[in-house]
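This document starts with one chain, in the form predicted alone, laid out as structure tokens.
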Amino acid sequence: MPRAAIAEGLRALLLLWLASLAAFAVVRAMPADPAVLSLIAFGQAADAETVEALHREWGLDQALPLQYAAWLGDFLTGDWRRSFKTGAPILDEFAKRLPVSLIVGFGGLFVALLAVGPLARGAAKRPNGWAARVLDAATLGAQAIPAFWLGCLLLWFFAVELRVVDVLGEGPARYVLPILIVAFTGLGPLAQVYRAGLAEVSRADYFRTALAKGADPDTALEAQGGRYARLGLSAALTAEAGWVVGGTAVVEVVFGLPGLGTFLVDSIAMRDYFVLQAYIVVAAAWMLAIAFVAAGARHLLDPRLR
């Protein structure tokens, strides 16, 4: 095995260990006692004896280093403990809710990518044309309009007023509006990066030479600048894809989707230690995986890296 691969593997393991350590420290620094919050949430008296019993059951009565060592050992063996709120195994909760977040997150990115090419190419060829105006408006709107406000607006208009979308059912229609919101928020950054790559190539001497030789502008722009623009797009897409796991929490809460983001929000309110610790480690592992895939894509697109 090449040394570079071994070094990258060791680096990834070190980062995951640091993520687990940071997760434990940050979560335990949160104010309020999860035992007290759990008892209050279930309408039980939060007396000292009951709180101590829950601490013993959850292992919170031990010293912090012992708690971390016990939790990390269980986590590595596949025992992610149980949620304070639901009482179910956390690994099962993640497995049940993760597909919902992936559908919303990756569905939104896929829809955004469908519009990236036409808008970016049109904006690069005609900086003052309609495509450039639409792209600039979408970018500004995504930055200025909060996702929760846009979600509430679309929910009221399409589900309440027009009644053309069933947001409470179990079918695919329930995911239409959440996916469109994720696509709207991601379209601007992705298309602007792709547009910048194409625009830079369109000003290059070799592109002008191709046009002088009679090449079709659209064909020449895609042939000369497509690979270069996609290289920049892969970097922007890495950042967007990194937030798919849990990053769609606002959309999930607005539309009542039982995804990982909704579970995360509920766990923060309940100080569900083991859920939050597992999420941070899983998110770190996900971002490392996305970075690895992006590095492979850049290797294929950029001949200088081969």
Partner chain sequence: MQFRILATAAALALAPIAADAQTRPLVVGQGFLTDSLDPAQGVAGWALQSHGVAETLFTVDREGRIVPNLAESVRRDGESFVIRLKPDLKFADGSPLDATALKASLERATKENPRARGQIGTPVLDVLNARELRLRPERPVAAIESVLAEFPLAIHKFDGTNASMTGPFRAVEFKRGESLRLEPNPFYRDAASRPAVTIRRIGDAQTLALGLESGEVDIAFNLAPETLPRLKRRPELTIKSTPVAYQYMALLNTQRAPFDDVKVRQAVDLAIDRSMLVAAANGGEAATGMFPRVFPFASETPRKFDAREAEKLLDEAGWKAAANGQRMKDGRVLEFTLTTYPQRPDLVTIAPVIRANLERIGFRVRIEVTEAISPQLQAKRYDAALWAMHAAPGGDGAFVFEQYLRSTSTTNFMSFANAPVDAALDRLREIDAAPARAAALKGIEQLVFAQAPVVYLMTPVWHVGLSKRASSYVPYPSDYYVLRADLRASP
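Definition used throughout: the rigid core is the maximal C-alpha set that superposes within 1.5 Å between two forms. Positions refer to the first chain, counted from 1. All figures in this text were calculated on a predicted structure; none of them were measured in a lab.
The following text describes the form predicted in complex with its partner chain, which does not appear among the structures shown.
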* Of the residues Leu37, Val27, Leu60, Ala239, which one places a heavy atom within 4.5 Å of its partner chain in the predicted bound form? -> Leu37
* Asked: Hey, of 86-94, 119-127, 205-213, 188-196, which bit sits against its partner chain in the predicted bound form at 4.5 Å between non-hydrogen atoms?
  -> 86-94
* Given that the partner is absent here, does Pro65 sit within 4.5 Å of its partner chain in the predicted bound form, heavy atoms only? -> no
* Asked: Is there a heavy atom of Arg174 no more than 4.5 Å from a heavy atom of its partner chain in the predicted bound form?
  -> yes
* Do Ala159 and its partner chain share at least one heavy atom pair within 4.5 Å in the predicted bound form? -> yes
* its partner chain contact in the predicted bound form: Val253, any heavy atom under 4.5 Å -> yes
* Structure fact -> Restricting to 17-50, the residues within 4.5 Å of its partner chain in the predicted bound form through any heavy atom are Pro31, Ala32, Asp33, Val36, Leu37, Ser38, Leu39, Ile40, Phe42, Gly43, Gln44, Ala45, Ala46, Asp47, Glu49, Thr50
* Can a Cα shift of no less than 2 Å be assigned to Val27 between the shown form and the other one, given superposition on the rigid core? -> no
* Asked: After the core is overlaid between the shown form and the other one, has the C-alpha of Ile268 moved by 2 angstroms or more?
  -> no
* Asked: Quick one: core overlaid, is Leu39 moving 2 Å or more at the Cα between the shown form and the other one?
  -> yes
